[in-house]
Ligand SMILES: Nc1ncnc2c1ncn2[C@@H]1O[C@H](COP(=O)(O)OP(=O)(O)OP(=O)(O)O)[C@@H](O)[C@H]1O
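Below, in structure tokens: the form predicted on its own, a single chain.
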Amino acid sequence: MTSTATSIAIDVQQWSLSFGQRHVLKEISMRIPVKKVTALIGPSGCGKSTLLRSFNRMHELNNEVTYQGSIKIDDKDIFQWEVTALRRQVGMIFQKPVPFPKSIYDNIAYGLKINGFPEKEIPQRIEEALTKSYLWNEVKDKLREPATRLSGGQQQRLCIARTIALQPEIVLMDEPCSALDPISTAKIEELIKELAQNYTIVLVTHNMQQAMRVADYTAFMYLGELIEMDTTEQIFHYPKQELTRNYVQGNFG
């Protein structure tokens, strides 16, 4: 990704999105910085996941979707990208880990093979991805065992390894810890902070404490609108908007 003077990874301008007559996102404008963790917070149904999935064009198979505005990645409109290339550049981690019904090794090798990585490089890339995901020491002796035997937290870290093995620039995470126990959640949060040294992370979370722990920037959304975006410290301690203040203080109904 080409760095700009402002080091912006994702540039969103006046982005609106509807499903049929339902207007879900309303003129969102935001700039997500490179190699930082940006958290999207807000009540259920406010459009956080819809916005996140816009970044790698996950909505376009829905015939009811209409949109206006622009989203640029690497200073190039996302609809000018070939979709496979875009999704290689912009990886996605879902709420529930979904390992392929294959071995641990083949879960990562599959994506590398279909994306044309040389066969001789694949074992090294798999080891590197598992190491970066804090999983290598736990699975190095059972790479040929089914990935479905892993615990929930291990499966989520495997899905992260599978994503970063493709060397994306951006990793989108849609509530990656919501199905995990506190110990697994702590490991994923530590991993998120570590990954931000090399990747731009955009994280949807309902857990405001999690946003405070891991995010450099936080954006508060409500009813499809971006109410406020700033450093996480600013949003949680010195918000400019009353709506934001009420939400982060829990005075919200």
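One rule holds for the numbers: they count along the sequence shown, beginning at 1. Just so it is clear, the structure is predicted and the values come from calculations on it, not from any experiment.
Only in words, not in the display: the form predicted together with this ligand, which the text now covers.
**Prompt:** Taking the shortest heavy atom distance, is Cys46 within 4.5 Å of this ligand in the predicted bound form?
**Reply:** Yes.
**Message:** I'd like to check something about Val24: if you look in the predicted bound form, is any of its heavy atoms closer than or equal to 4.5 Å to a heavy atom of this ligand?
**Reply:** So Val24 counts as contacting this ligand.
**in the predicted bound form, Asn63 touching this ligand (heavy atom, 4.5 Å)** = No, Asn63 is distant from the partner.
**Prompt:** Quick one: is Thr50 in contact with this ligand in the predicted bound form, heavy atoms, 4.5 Å cut-off?
**Reply:** Within the cut-off, so yes.
**Asked** Heavy atoms within 4.5 Å of this ligand in the predicted bound form: which stretch among 209-217, 180-188, 37-45, 66-74?
**Response** Every other range fails; the passing one is 37-45.
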